[in-house]
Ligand code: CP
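In the form predicted alone, a lone chain appears below as structure tokens.
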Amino acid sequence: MKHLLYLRDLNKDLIDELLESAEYFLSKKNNVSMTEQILQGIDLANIFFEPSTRTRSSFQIAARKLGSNVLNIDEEHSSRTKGETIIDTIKTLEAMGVTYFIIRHKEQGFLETVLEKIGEDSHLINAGESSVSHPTQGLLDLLTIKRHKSNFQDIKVTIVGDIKHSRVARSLAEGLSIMGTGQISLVSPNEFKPDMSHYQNADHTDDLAIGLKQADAVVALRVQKERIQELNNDIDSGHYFEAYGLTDEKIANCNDRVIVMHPGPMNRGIEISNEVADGPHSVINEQVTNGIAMRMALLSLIQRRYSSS
């Protein structure tokens, strides 16, 4: 495993290995000994051409905990403003000794182009690609579910919101399918219904009550206004919240020990209420902690397999 572009490229055994490794890091509160800092002397670049708080910061923290030197690069402060291509930027960084590239980009297919151009000693990890892929978010969500449920096979996972434009939903659904999840339910208004060919093991409904019935894990998504050219940005937030916002009353339709998740950033009062976001079923802050552990697990696995090859 040299790169990670899509969660669908992994198999169950590899995901199980990542989950086990991440749980080990969590048991150490995401701190490791000097001998476990497998990225000592390794240079890693976070290259983000879309805004990010959680993903960018957690990759930075994860890499540094493993001993790596981390460079943070964004479009505003890179030579892109002078006309340099991203490929040339990467080639320049490779010449400086950088071997890990964590990239977020709004253009679908861009990372595959990068993969064709980078050096044979470099590693590419997708930190978010358009509306199609966010594999490490999917992995950390699997980790969060695993830590609360005995298995994936006997549970129902419900994803609520703007699924059509969500890379989070797509990667999570890919991961859930690989892990053999019993039922995956997608809930959205019809204008946010995705191409179901990408969700072949899931069902869709525009009725939140149906989707939440007997759910064991619920993932709320925000409306991706930045990706929706045809959407009026003056969306009626009150109407949307009434139909699809998670409240205590609505999640009462789920199983008693349901967990509520959100990839962030949250729009409180639109897709989720304060009472749910901060309530006893919420594991939203836990997801953030799990994100560091999972990214530590991923970086460790890639480096371990690469260095032994």
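Fair warning: this is a prediction, and the values are worked out from it, not measured in the lab. The first residue of the shown sequence is 1; numbering continues from there.
The same protein has a further form, the form predicted in complex with the ligand, not shown here; the description that follows concerns it.
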property: The ligand contact at T53 in the model of the complex, heavy atom, 4.5 Å; result: yes
property: The ligand contact at G264 in the model of the complex, heavy atom, 4.5 Å; result: yes
property: Partner proximity in the model of the complex: R170 to the ligand, non-hydrogen atom cutoff 4.5 Å; result: no
property: Any non-hydrogen atom of Q137 within 4.5 angstroms of the ligand in the model of the complex; result: yes
property: Partner-facing stretch of 45 to 53, 237 to 245, 62 to 70, 267 to 275, counted where any non-hydrogen atom is within 4.5 angstroms of the ligand in the model of the complex; result: 45 to 53
property: Sequence-ordered residues of 97 to 122 touching the ligand in the model of the complex, heavy atom within 4.5 Å; result: R104
